[in-house]
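Quick heads-up: it's one chain on its own, the form predicted alone, in structure tokens.
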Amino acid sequence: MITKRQKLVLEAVILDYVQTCEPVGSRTVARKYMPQVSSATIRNEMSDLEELGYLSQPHVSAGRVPSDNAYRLYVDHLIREGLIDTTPREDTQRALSSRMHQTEDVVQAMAQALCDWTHYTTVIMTPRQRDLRVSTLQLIPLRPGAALLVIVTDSGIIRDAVVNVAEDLDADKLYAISRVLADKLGGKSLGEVQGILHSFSQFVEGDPKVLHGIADLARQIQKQSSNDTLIICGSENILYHPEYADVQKARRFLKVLEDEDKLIRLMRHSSSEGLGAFIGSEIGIADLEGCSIVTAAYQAGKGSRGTVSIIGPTRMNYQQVLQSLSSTADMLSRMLRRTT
């Protein structure tokens, strides 16, 4: 059983190692974190923590480094004791929101913003949608004979495509067609849309091109949404951490990111658990044993939950990462709700 003072010593070692990536000695702990306790006492506590499996000593004269078990204890403490404030932080939201105007794809933009903000690898899973329904539909004129077709589903998935239209269909006519189609197709499943389109070609003034474009885009959305998908950003960020200065180790890490099936299985498991973390060997993927995956679930539509995750060395700032993920998951849920 770990004592209260041992917990304080262990937290100090973790905090210092996260900052420096250097083994932590008893004098450092005494000077920077526990000045009221002698370095000799701290040294004894560190020896006991090593016997308990929470610390290790790279070589005889070196300080200690935390084990996976130490990080596990620390993360559980942060979550259990309510030390992660799930209220979205303004600084995190500003950093993430600043990129939202650059793209219509909310999830892609959020993934990129999060990896830029944290300097780790970001993985966002968008869950499969079994029965997507059309929320709204719009035709926007681009040039004579072409329009941008935009379909928004009830799960917040937005897709667009350029479709051919009759050259005499101006902005007013395209708007009128959009209103009719949105009224007829709103609330219908993508499968139903493809069947309905063949029954009312009269609503597009004799131009079947628009209907074909809608049917094609509906099929694409349905096909793309039939499986869980991953968005991965910042895979190269791992190269900036000293643990991955070894080229072969970095190469193995990058290769794991190419195996989406393994990552999807892991994301599915974590999507039902809110905030959480897989540390080192808990991940179950040999080439990621020096890493942690910290996760948060977000609401991806009616009855669907996705996962936003950070992958980095086990030596990461868990409190900051958990806070950032909590804010991101909240923002994603609210943004996707607004699009439905």
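Heads up: residue numbers just count along the shown sequence, starting at 1. Predicted, not measured: the structure shown is a model, and the values here were computed from it.
Although it is not shown, the form predicted together with the DNA is what the next lines describe.
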In the model of the complex, does residue 315 come within 4.5 Å of the DNA, counting heavy atoms only?
no
Residue 24 near the DNA in the model of the complex, any heavy atom under 4.5 Å?
yes
Is residue 60 part of the interface with the DNA in the model of the complex - any heavy atom within 4.5 Å?
yes
Report whether the minimum heavy atom distance between residue 305 and the DNA in the model of the complex is within 4.5 Å.
no
Pick from 275 to 283, 30 to 38, 306 to 314, 288 to 296: which stretch has non-hydrogen atoms within 4.5 Å of the DNA in the model of the complex?
30 to 38
